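First comes one chain, alone, set out as structure tokens in the form predicted on its own.
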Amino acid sequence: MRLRIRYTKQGRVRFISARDLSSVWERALRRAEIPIAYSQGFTPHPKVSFPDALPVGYASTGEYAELTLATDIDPGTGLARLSAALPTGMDITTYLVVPDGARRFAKYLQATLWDIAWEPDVDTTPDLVDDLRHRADALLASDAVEVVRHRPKGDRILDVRPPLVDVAVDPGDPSEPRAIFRAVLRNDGPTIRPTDLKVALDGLADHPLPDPRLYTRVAQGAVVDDGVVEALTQQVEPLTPGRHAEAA
């Protein structure tokens, strides 16, 4: 039996590295008494896979894991125990029993919906929202926007424009103003991170933006006109704030 799971990574657990994530899940599976299957060989490992590593410090409402079980279980009750055994901030939100012959899960994760959130006060939010909208328009109008990613082994120049599908700015409402820059990025080709988008936005005006409060991976799936079709539920996660729809 194979299960595909969508889960969150929010709060303090966003500082758990991709390397330590397997250990966290292994302990939770053991506490929840989930009959996970193990690999063969001298050092057997639980058959848990994660299709796309999340950088340390990023939050997510769209993380995925695939479990291969040694025996069948009732997914509802079993995964409820597993969700309770995971650390606070990691919650299983939905699952899918994988049918025989299903494609590799990574094939379904064609694009990612990202949020970059600032936490301005009531007085500065309108100005920041207007600034973000001007930069968003300039970003979409550009044929190429190159940024430098600094790495220990040498800097790398990346063009953020080719994988960028669309962007939107969420101003909230008068009672709860906010400034969120939301973007859909294709996953094929070089990996572009939200931090790269922040650097690109900084270069589109004569002053840099404030440091964001949080980067969040909202969902992963297939590109549609106003967002992405989430890989498990087939619900549209909207790019434009306030719009919700079901995939056809």
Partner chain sequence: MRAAAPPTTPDAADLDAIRRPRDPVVPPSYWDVLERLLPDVSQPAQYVGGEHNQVVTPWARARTRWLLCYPDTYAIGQPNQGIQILYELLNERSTSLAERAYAPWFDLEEKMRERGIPTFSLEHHYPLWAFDVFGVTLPHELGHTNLLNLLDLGGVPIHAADRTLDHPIVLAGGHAAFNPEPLAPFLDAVVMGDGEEVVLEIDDVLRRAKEDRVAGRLADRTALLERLAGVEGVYVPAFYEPRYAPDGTLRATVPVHPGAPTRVPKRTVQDLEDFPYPQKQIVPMTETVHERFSVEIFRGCTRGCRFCQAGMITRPVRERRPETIQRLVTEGVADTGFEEVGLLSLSSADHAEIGDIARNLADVYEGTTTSLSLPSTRVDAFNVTLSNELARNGRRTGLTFAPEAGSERMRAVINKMVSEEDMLRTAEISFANGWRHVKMYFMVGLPTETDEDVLAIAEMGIKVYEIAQRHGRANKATISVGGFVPKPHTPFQWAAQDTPQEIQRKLDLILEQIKPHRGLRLRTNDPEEGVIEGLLARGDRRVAPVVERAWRLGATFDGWHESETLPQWHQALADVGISLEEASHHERGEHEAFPWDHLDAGLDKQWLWDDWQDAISEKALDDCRWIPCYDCGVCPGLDIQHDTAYTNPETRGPSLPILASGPATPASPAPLGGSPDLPTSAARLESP
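Residue numbers count along the first chain shown, from 1. It should be emphasised that the depicted structure is a prediction, and the values quoted were computed from it without experimental measurement.
The following text describes the form predicted together with its partner chain, which does not appear among the structures shown.
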For the chain seen here without its partner, which of 24 to 32, 201 to 209, 187 to 195, 64 to 72 has a heavy atom within 4.5 Å of its partner chain in the model of the complex?
-> 24 to 32
Counting only non-hydrogen atoms and a 4.5 angstroms cut-off, does A53 reach its partner chain in the model of the complex?
-> no
Answer with yes or no whether V13 is in contact with its partner chain in the model of the complex, where contact means some heavy atom within 4.5 Å.
-> yes
Although its partner chain is absent from this view, report whether D127 comes within 4.5 Å of it in the model of the complex, heavy atoms only.
-> no
Answer yes if any heavy atom of Q40 is within 4.5 Å of a heavy atom of its partner chain in the model of the complex; otherwise answer no.
-> no
Stretch 209 to 225 - residues with a heavy atom within 4.5 Å of its partner chain in the model of the complex = R213
